[in-house]
Ligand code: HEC
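The chain below stands alone and is given in structure tokens; this is the form predicted alone.
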Amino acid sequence: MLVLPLIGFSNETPTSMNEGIFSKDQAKSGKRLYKKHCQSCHEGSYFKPVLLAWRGESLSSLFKLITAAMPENDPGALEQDQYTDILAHILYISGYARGENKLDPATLSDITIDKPVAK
């Protein structure tokens, strides 16, 4: 019997965004960057409905869109760690819990966008 690997498929359960996927320091750094690069177009309440609309998608899909299209006046101008910190801040202000580890862009495809659990 020939067995072929299924590329792109995994038996692992995706990580929930409610598992503390970003750190306090990362969200704090993201807040400063957000104020400088994002706040003039996107007030904090903007993101809750956006995240709900993306529910079930991989967090990497949203991250790719943000890094390619933002900031609107200079898309892709920030460093990857700056975008990651901004995403951590967005998750925090949208009701997701912080954890001990920093959000890592390499693991975003393993994280599924879901609704925040009430704190």
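If you're wondering where the values come from, they're calculated on a predicted model, not measured in any experiment. So that there is no doubt, residue numbering starts at 1 and follows the sequence shown.
From this point on, the text means the form predicted in complex with the named molecule, which you will not see here.
Trainee: Would all three of S40, W54 and L62 be in contact with the named molecule in the model of the complex, where contact means some heavy atom lies within 4.5 Å?
Mentor: Heavy-atom distance to the named molecule in the model of the complex: all three under 4.5 Å.
Trainee: Any chance I93 has a heavy atom within 4.5 Å of the named molecule in the model of the complex?
Mentor: Looking in the model of the complex, residue contacts with the named molecule do not include I93, since no heavy atom lies within 4.5 Å.
Trainee: Quick one: is V50 in contact with the named molecule in the model of the complex, heavy atoms, 4.5 Å cut-off?
Mentor: Close contact exists here: in the model of the complex, V50 approaches the named molecule to within 4.5 Å, heavy atoms only.
Trainee: Against the named molecule in the model of the complex, would P71 count as a contact residue? Criterion: heavy atoms within 4.5 Å.
Mentor: Result yes; P71 sits at the interface with the named molecule in the model of the complex.
Trainee: Taking the named molecule as it sits in the model of the complex, is I86 in contact with it (heavy atom to heavy atom, 4.5 Å or less)?
Mentor: Judged by the heavy-atom cut-off of 4.5 Å, I86 is in contact with the named molecule in the model of the complex.
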